[in-house]
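In the block that follows, a single chain appears as structure tokens, in the form predicted on its own.
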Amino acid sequence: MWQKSLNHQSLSEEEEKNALRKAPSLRFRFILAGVLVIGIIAGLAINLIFDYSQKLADLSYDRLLRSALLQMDENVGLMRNEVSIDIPWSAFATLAQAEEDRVFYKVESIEQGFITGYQDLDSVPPKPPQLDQIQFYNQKYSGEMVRFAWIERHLTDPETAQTVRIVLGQTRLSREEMASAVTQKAVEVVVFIALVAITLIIIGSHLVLRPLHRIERALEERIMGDLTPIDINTPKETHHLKVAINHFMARLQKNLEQLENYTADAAHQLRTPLASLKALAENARDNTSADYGSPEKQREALNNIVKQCDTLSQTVTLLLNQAVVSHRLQTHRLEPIDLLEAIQASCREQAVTALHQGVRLSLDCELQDPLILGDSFSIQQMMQNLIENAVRYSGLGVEHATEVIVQLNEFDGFYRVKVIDYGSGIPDIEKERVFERFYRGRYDIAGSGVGLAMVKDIVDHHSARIQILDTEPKGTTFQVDFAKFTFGVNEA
């Protein structure tokens, strides 16, 4: 048996390890989310850097291209009604700063045609031409991507007027080299920052999860059965977790106390009838006198044993119902129920018992679908205890007090249930104590002393109110008020 327990324990530990390996890691998710966010930001930054480096390179070299174009434009003039140009060497010297790039140019007149440069250079700007406005654009020429500067202007003299167009292009090798250098440096900085950020996230994940480890250690270091609240300082993000654990342990502590109370109730309630039943059986077995051996005495002894068995059966049923009610109150949510149906079911359950005791049980209600927020089984148990208690105490020392009336009436905002009997009544001094566990006003009447205590628990769980009133002219009335259920209001 001991070896079997060890094997079972080992199996549980192995299963726990397997479950731990398969469980998702919160720290891994935190780091992965951080890496993904940083990766996206880094990707966007690199893309922006690439675009910026291209624009920066174009801006820098476009200034040289503009300067060379303007120098060429300054040397264009009209001689003998024809366009002439003397291209200065300074223009090419300006562009020569990009040593690896080649330069292409073309000067033409709309009226005169080709003047100088590359005759096959038919480059046209993408935008509509505007006089005296320089346009920069990229176009392929001679198998390479070339950066062009384009300008068009009028030349006039007293005898003629012509439109001159100058196109100046430069390959993009130096521009691409400059853009690559800028991009490389910037990407190195971005990657370095991203790596630092990821490192900080990894370190931060450990610091962020440290409060969870503290809560874990606080729980593991506790002795078995210690359900006191966790009393350690935690950040706001884990405060609600600590509060939830404390609330759970409080509910668990309450359940354990209820279990202990139920065990004590069961031991208290079963000990007396079992001892009495054993004594009756022993007397029936050991008494061998002639009087006891008569059939009448034997029948009386057996009747006493049967009566005691009935008492024991009722006690066991009550304890089991109490356990079920206690479990339902802890685990089941309240839902809309028909209060009248629960009361009718309780009256049907107690009708035969009342009839055997000569008590007439009646239900007075004219309502249709009285809805409350509750648990139907618990309400039935409450009503059965109230009706059973009223039937048991009816007719004691009072003539013709053989009626128990159950009433259900509607008021503004609540329903009122009354269980009315015309028995001997309850003294005012005892009305506050009847709901105490094991308290019994009269010990000459069979009872357990826990029925009304269970009634009080059910009433409190339903946020209802119970009162004990005097019946005129004699007797006791138990009055319970339940709040009405209204769709939309109670649900919210």
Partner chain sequence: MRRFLVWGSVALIAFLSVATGKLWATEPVWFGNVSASRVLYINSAMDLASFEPILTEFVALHPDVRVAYRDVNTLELYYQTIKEQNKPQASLVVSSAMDLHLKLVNDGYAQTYQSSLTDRLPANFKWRNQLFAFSLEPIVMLVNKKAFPGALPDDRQSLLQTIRQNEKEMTKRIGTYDIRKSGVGYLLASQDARQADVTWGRLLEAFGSHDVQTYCCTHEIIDDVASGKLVLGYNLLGSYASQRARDDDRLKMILPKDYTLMLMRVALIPKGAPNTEDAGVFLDFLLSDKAQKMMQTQGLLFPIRPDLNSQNDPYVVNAPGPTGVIELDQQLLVGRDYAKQKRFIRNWEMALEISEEE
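As the structure is a prediction and not an experimental result, all values here were calculated from the model. Numbering follows the first chain given and starts at 1.
There is also a form predicted in complex with the partner chain; it is not shown, and the following applies to it.
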**Request:** Evaluate E100 for contact with the partner chain in the predicted complex, applying a 4.5 angstroms cut-off between non-hydrogen atoms, and reply yes or no.
**Result:** yes
**Asked** Though only this chain appears here, would F192 touch the partner chain in the predicted complex if you measure heavy atom gaps against 4.5 Å?
**Response** no
**Message:** How about Q112 - does it come within 4.5 Å of the partner chain in the predicted complex, if we only consider non-hydrogen atoms?
**Reply:** yes
**Prompt:** For G117, is any heavy atom within 4.5 Å of the partner chain in the predicted complex, or not?
**Reply:** yes
**Prompt:** Just one of L241, L256, V352, A96 has a heavy atom within 4.5 Å of the partner chain in the predicted complex. Which one?
**Reply:** A96
**Prompt:** Considering L155, L334, I87, M178, which brings a non-hydrogen atom within 4.5 Å of the partner chain in the predicted complex?
**Reply:** I87
**Message:** I need the one stretch from 245-253, 344-352, 375-383, 100-108 whose residues put non-hydrogen atoms within 4.5 angstroms of the partner chain in the predicted complex.
**Reply:** 100-108
**Message:** Heavy atom within 4.5 Å of the partner chain in the predicted complex: which residues of 126-146 meet that condition, in order?
**Reply:** S142, E144
